[in-house]
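As a starting point, one isolated chain is supplied in structure tokens, in the form predicted on its own.
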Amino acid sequence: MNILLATSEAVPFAKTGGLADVCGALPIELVRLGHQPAIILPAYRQVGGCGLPIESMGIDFIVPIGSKMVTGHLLRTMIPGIQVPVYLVQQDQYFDREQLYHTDGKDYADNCERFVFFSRAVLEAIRLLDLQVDVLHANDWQTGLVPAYLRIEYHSVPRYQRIASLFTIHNISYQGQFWHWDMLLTGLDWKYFNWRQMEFHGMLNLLKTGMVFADSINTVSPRYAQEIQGSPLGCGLEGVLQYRRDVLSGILNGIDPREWDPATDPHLPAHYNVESVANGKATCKAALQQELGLPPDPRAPLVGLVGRLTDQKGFDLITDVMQRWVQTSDVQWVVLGTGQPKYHKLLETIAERFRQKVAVRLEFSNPLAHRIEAGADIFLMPSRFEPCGLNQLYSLRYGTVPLVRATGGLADTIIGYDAQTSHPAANGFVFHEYSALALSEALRQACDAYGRGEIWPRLIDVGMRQDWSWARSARQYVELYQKTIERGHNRGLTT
């Protein structure tokens, strides 16, 4: 199959979150399975820092944006180490900016216009590059117009008639909502601005647009695919998803075992595998404690947290529990990330007062994130909602026991240990109610188990032997692409 992934992010070119990891890793595995993927994304300023050679293709194009015509250019590079072409849409007025979507915490005022242009460019690139495409795989609101243009404007064009579309929702809370007059920018007829298709409470909604016009819809875990069909996790779009539930599915994201492997990780002070995990993690834990100024106590459970410091990630619960536990237990805490200012201030205050128990780094550091995964005993993810989650998968691979709330991909990947049943497939600890009390109780169970030698090694062993690589996920995507092609063919017979 020939698959074109249209995305606003992909590693190593541009990244703000998990979308980039998916679109950078999935094509590599698709090649290994014998398919021909390609990627297309905007030529942001950040792309120039990827360290890869980028060539001009000598191809210009002009597309309508509202009442004006805008020119773009096509560039080309490759994912390193494997033959996956990456096409870059250059339009410096739109994409040569400091950040991808916003500046100083505010979205760019012309975000709708920018991604209307990109979506049109995707469709034009297929013709201009003479691409053979079986599945056009769009991702998140930034490409929500791609399935719509394919169905509405290109449905009778011979090259495009056989193309099927898949739309992946990575996080339904980001919807690309704009005022209704931005409908003019799309160039689509106002008749599509209705409650069944592109309109949402008087606004233009690009995520909804992709969901309505795509042949298939998927999201990044089976549990999340179920959760977003109801309130509140559907964020108002649950009705659309219920209506299209027959074409909705969930596929867990994978991890890149080349980057996340404690046996070869260049960021670690000691390497280890499932056979040598005890000594390797002990060395990594001691080094992490020293690096962050914590007492080198091998008996104290070390709890790690890496990610955005936001309500969604459960930091209201985390800070509540942490403030009580630092006064009554010997547990150590390590926090890495940035986010809402209220959590910056609160965590800094706790760390300043309890320097022997809490280390906080308000930054993003990929090397330190790796060392926390290797050096921590418990990795905490008490999210309000979590479409997939990756850190719990990194933790399993690094022999760090996850403690998660049962939501989204966390519920799909972590089987909770229960002292009463002692489930043989248990690989972590799970709580259900979103409350500080429930989190505190789960943490108490985890710390009790940490002090019992026969339980902890078994949890680590189960987790480290599981396969959460992209190879597994890519096979599921291949099956979904095949179903999408069938749906597209059936749709073509009836239009």
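Position 1 is the first residue in the sequence shown; the rest follow in order. No experiment lies behind these values; they were computed from the predicted model shown.
Just so you know, the form predicted in complex with adenosine-5'-diphosphate (ADP) exists too; it's not on screen, but the next bit is about it.
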query	finding
Of Ile378, Ala369, Val133, Leu292, the one that lies within 4.5 Å of adenosine-5'-diphosphate (ADP) in the predicted complex (heavy atoms)	Ala369
adenosine-5'-diphosphate (ADP): the contacting residue among Glu363, Glu275, Asp104, Asp92 in the predicted complex [heavy atom, 4.5 Å]	Glu363
Residue stretch of 75-83, 281-289, 306-314, 112-120 approaching adenosine-5'-diphosphate (ADP) in the predicted complex, non-hydrogen atom distance within 4.5 Å	306-314
adenosine-5'-diphosphate (ADP) contact in the predicted complex: Tyr394, any heavy atom under 4.5 Å	yes
Contact flag, Ser329 vs adenosine-5'-diphosphate (ADP) in the predicted complex, heavy atom cut 4.5 Å	no
In the predicted complex, Gly337 touching adenosine-5'-diphosphate (ADP) (heavy atom, 4.5 Å)	yes
Gly389 within 4.5 Å of adenosine-5'-diphosphate (ADP) in the predicted complex, heavy atoms	yes
